[in-house]
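One chain comes next, on its own, written as structure tokens: the form predicted on its own.
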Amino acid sequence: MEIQFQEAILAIVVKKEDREKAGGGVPIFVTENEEEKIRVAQTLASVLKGMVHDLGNGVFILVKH
């Protein structure tokens, strides 16, 4: 039997100073600066076959639609 997620938050990516904005329950990747945050989010999206969404408060979430 194969189990597939239809929709899920896969990860959260934040800069170090924004980490208190990230909740728990999924992996949280903390980066040093905006460029690294973008690079990490794009790489994770590619590897996990997900989409990056900017919440506008310094937090990126990776979701599987």
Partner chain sequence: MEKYWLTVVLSTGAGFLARLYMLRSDYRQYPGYPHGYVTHLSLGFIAAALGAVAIPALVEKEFTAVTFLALAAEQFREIRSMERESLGALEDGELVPRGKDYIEGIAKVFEARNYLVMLVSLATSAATQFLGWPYGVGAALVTLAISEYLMKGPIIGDIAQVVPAEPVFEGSVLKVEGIEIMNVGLPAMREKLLRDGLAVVIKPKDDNARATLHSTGQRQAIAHVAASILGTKKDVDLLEFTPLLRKDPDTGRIALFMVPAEKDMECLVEAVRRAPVLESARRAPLKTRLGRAAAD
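Numbering follows the first chain given and starts at 1. Keep in mind that this is a model prediction, so the values were computed, not measured.
This next part talks about the form predicted in complex with the partner chain, which is not shown.
- For residue 54, a non-hydrogen atom is located within 4.5 Å of the partner chain in the predicted bound form, even though that partner is not displayed.
- Contact annotation for residue 16: none of its heavy atoms lies within 4.5 Å of the partner chain in the predicted bound form.
- Within this chain, residue 41 lines the site of the partner chain in the predicted bound form, having a heavy atom no more than 4.5 Å away.
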